[in-house]
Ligand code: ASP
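Only one chain is given next, in structure tokens, and it is the form predicted on its own.
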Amino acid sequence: MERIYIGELHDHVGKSVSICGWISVVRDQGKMVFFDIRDMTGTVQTVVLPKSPVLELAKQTGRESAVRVMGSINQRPEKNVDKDKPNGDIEMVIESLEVLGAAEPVPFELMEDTAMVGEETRLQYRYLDLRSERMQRNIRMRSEFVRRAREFLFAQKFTEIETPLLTESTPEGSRDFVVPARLHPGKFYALPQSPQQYKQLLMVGGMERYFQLARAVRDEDLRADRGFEHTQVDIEMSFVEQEDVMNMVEAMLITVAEAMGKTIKQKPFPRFTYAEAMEQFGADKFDLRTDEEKAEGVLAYAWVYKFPFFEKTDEGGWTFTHNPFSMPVPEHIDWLMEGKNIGDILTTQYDIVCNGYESGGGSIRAHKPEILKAVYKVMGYSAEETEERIGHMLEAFKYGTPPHGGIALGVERNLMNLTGESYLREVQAFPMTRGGQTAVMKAPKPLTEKQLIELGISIRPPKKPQQ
């Protein structure tokens, strides 16, 4: 018999159907056994009646077991209707029961909010945690956000293109996660911190409008809203100016958020220069909502733009604040090329802020070799060092490169706003612990001696701390 989803059972009242799912609740009343059975579309109460051939099996079947049951869908008597539940007016009388996967007692209660369960336990049994109502809702909302963003971008003539996961290590920016190259002993790939250079090269390649759901990996200190891995809606556009990118991204966020039933505080999004944001809020990430709007889940988006291009390093030199591939604002290009007023140069960087979080960031990119060379010169690189690091970009930009720009929107940060969650791990299926341990699996862990020999790697014991 064809499986029917629980959310569709109202269309089958008076009929005999087959459903599959997990047992949320067991109520053994001796002569009868009641189950609440759930699948991804909902929950329904079922009952095994006295003298049923499956009564004894039902008594032995525990909560969270995966089952297939067949039976008739009946309308409940008016006095037994539970108006607080979507299927509170129907009931299934079980005629056959098949236990597809028996469950042992679970280590924590899944029908309550698991946020109060210890992080280590939750992530050890993440596959069980994901069965909880809140995690089901959050992960499915993540899928909906991604789907709606994709649909918007496809409608705007974007092409989805994947870029490599094994790439070149870049000393600038966050620390890389590196991967040993077995075929090239002593050399290493790096996992991408972002697809920055590849997406610019796609613009050189005439793709014009690119996006992907890009995985980004950065070896940086963990905190509530930051992990080693994240996903971003990565976007790049050719023949555009700053206003074009900001308008397109704003339209996408409005379309997606409102289609998901969310209220946006202000449209168009208010805009603040970096200087205005620091003066008014003391930070470039801020929350524009009232307490009432916070309680109602309102989304308060804003743009921050005209950031300083460079900032001082601890050694007294200069480094970029956001991205070395950014273009200065037009009125400061001469300063960059002449190497003067470095601290006053502003960049075409724009960040999207929502409810106190930076939810995305991008810029108009440098598309001329001389601009990139000037940026690296300011940062103290010789011509030879610049060629070593970005020579492939300088070469590519010789061949009719269009002006271009884009943005990366953090999927997790946006989901935190949409769900009201305060921790990154609540919107990822398998996040890491605060100590950098993977959920369920035991990584990081040592390699075997055979693996180390094959890779040509020897491990130096860590230095003992000085007494």
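Residue numbers run from 1 along the displayed sequence. This is a predicted model, so every value here is computed, not measured.
FYI, the form predicted together with aspartic acid (ASP) isn't displayed, but the following is about it.
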The stretch from 255-263, 281-289, 189-197, 337-345 that lies within 4.5 Å of aspartic acid (ASP) in the model of the complex, judged by heavy atoms, is 189-197
Review point. Using heavy atoms and a 4.5 Å limit, would one call I407 a contact residue for aspartic acid (ASP) in the model of the complex?
Key: yes
* Asked: Should N323 be classed as touching aspartic acid (ASP) in the model of the complex when contacts are defined as heavy atoms within 4.5 Å?
  -> yes
Verify the contact flag for P328: yes if a non-hydrogen atom of it lies within 4.5 Å of a non-hydrogen atom of aspartic acid (ASP) in the model of the complex, no if not.
no
| message | Under a 4.5 Å heavy atom criterion, is R209 part of the interface with aspartic acid (ASP) in the model of the complex? | response | no
From R142, R122, R218, H367: within 4.5 Å of aspartic acid (ASP) in the model of the complex by heavy atoms is R218
Exactly one of Q242, N87, Q232, S132 comes within 4.5 Å of aspartic acid (ASP) in the model of the complex through a heavy atom, and that residue is Q232
Near aspartic acid (ASP) in the model of the complex, with a heavy atom at 4.5 Å or closer, the residues from 245-282 are none
